[in-house]
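Given next, in structure tokens, is a single chain: the form predicted alone.
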Amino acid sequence: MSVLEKIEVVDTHTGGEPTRVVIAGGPNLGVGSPAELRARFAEHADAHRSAIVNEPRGSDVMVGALLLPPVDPKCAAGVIFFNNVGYLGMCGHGTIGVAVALGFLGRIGAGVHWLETPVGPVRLTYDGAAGVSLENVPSFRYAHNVSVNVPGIGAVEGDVAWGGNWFFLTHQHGQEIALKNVERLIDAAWRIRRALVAQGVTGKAGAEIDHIELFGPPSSAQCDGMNFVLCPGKAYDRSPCGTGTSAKLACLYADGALKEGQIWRQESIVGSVFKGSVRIVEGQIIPTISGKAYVSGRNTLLLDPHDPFRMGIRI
């Protein structure tokens, strides 16, 4: 009889965007900071990333979150975020999902907590049910009004900004931001991303810009804007994207269009909403993102050594 490898997970979604939180049975990465363990995960255990989030157990849209014992004693947990093609520095919707999963497991209660991520500690406030506000890592606009020539679209101007991941943010895409247009939006965003690479447009220190954020008017009068975010593995974010909203807030503040403490309501392509604001600490822009997540399942993933797709269908 085959010995099955078992991985225990809690599945959540934040504004429609799934997070699969690995609570037991994940790869043994030893000790170290989340950044060190993320590098070790990628080098020595990447097959487990694929097994957890890729088909046939997962899907392109699934984001994984591997819980770790925290190095910093003030943190409730450490975490590494990953998706269908690799690893993330930070994930806003994922952080909200992790907090709600930790609450579901009884590991945290209502109140203020810290989560240790590869890009630094993140402060969050959990309401004890579905609501979470997270204070993200310092965010900033790196380049303003960058023009890139996109085949099939033409000249596109936008900003390059950091919100825990690197983003190119633009209103100049020629598309209606609506769920009915999702295939066209994916195509446009992917063309922009490839053009950025081809024309050498990067983030700080040559970092690849692996998230594209397109903007349009909101469908709700209660919101300030609607976005479409294409993630690194060509899946689009169903939520308003926590790191993308952070990057947007940094750009708004840099333009003088958002004051410290002013609320910005960001609508996603599926109609879910994050509330965001910024505060300035020693000259740095610190975004706060608020949203809700819900537990959608608690499962045991089974990895059969005889299964040809045991470690997922790898891209």
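When you see a residue number, it is the position in the sequence shown, counting from 1. For clarity, every value in this text was computed on a predicted model and none was experimentally measured.
Heads up, the form predicted together with a small molecule isn't pictured, but that's what we're talking about next.
For the options I80, C241, I212, V98, the one in contact with the small molecule in the model of the complex, meaning a heavy atom within 4.5 Å, is C241. Proximity to the small molecule in the model of the complex, defined as a heavy atom within 4.5 Å, holds among C231, L102, L185, V160 only for C231.
Contact check for L88: a non-hydrogen atom falls within 4.5 Å of the small molecule in the model of the complex. Taking the partner from the other structure, the small molecule in the model of the complex has no heavy atom within 4.5 Å of any heavy atom of T117. Residues placing heavy atoms within 4.5 Å of the small molecule in the model of the complex fall in a single listed stretch, namely 231-239, out of 196-204, 140-148, 106-114, 231-239.
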